[in-house]
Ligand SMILES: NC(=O)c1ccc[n+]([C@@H]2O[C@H](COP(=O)([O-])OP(=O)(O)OC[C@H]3O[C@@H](n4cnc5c(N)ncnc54)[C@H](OP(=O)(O)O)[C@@H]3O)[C@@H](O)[C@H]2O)c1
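This document starts with one chain, in the form predicted alone, laid out as structure tokens.
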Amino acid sequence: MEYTTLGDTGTTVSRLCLGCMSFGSSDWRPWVLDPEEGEEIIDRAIELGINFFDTANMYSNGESERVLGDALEGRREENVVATKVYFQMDDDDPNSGGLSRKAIEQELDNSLDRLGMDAVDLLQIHRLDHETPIEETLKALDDAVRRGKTRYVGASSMWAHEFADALHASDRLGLERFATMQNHYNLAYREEEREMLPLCENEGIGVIPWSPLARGYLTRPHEEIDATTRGDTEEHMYEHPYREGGGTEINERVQELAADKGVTMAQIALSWLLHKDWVDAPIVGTTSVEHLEDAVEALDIDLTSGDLAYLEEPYEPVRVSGHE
């Protein structure tokens, strides 16, 4: 395993972050693993040197946090744990979602209870709450840091101007700054390169992209996507413009390069991200130990400047996706 510093925090994290969206309950989404299978993958991740884990309160309606907490029992301090808040957790309680002080404080307490932890290392806003002034949200997050319930705070997909405004508000009010950005970025979706990634690089923000494999679109030939359980049932894959803007040809070039190098398509797509200086740790979700091991092996793949250019050349601008 390779390690890096997460933005300007000084915290050391593995170059791969294990995403825990696929752990919890198949009642939530058909491709989600039940607890025993999830814990097996987390155990193997730790054996492989991964020390960075990302979950969210909404994943399996909280069950993902329970799985991660149980798996890390007795080895909490040597690992870096991130969770998220924003989406409504209880249909009967409108204050169980959003980014008001009430929502952040009560949902963070609920997350810590499920995780069995006194604090998380990184509390992220899952999306931006346009109904709550950013100052209200930042003050609540700052208090969470001061109370020792989280060590850092982070943000997720939003417009670059919104993120810049949030950073400026933190500086103006003397509040804890967002230390990380979890954004939508992969070989088939590169709109973040226009503004968000340069902003993060300039501000010392740690970048931990979600969907590095384009929800599976970059893991197999495009005509075979629907053959998988997730491809057949995951409507979110089709909401993103992976098949637009040269996406089909990108998929085919990933196939070609993977065959030439004797590796998998997923390894090529992940290696491409790992070659990007502004990326700290892509968040890799998996439903098998085998795929996890393949992801770790992607760290050893060397792509030449010619390989990178060949993979990138078909890309064309597409609609912005992932801020919802």
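Keep in mind that what you see is a predicted model, and the values were worked out from it rather than measured. All residue numbers are counted from 1 along the displayed sequence.
Same protein, other form: the form predicted in complex with this ligand, not shown, and the subject of what follows.
- In the model of the complex, no residue of the candidate spot (158, 195 and 200) has a heavy atom lying within 4.5 Å of this ligand.
- Look at 65-73, 252-260, 282-290, 41-49: in the model of the complex, residues with non-hydrogen atoms within 4.5 angstroms of this ligand sit in 282-290.
- Residue contact check for residue 294: one or more of its heavy atoms lie within 4.5 Å of this ligand in the model of the complex.
- In the model of the complex, this ligand lies within 4.5 Å of some heavy atom of residue 216.
- Using a 4.5 angstroms limit between non-hydrogen atoms, residue 24 is distant from this ligand in the model of the complex.
- For the chain shown alone, residue 111 is not a contact residue for this ligand in the model of the complex, no non-hydrogen atom being within 4.5 angstroms.
- Proximity to this ligand in the model of the complex, defined as a heavy atom within 4.5 Å, holds among 150, 211, 137, 180 only for 211.
- In the model of the complex, this ligand lies within 4.5 angstroms of at least one heavy atom of each of the following residues of 53-70: 54, 59, in sequence order.
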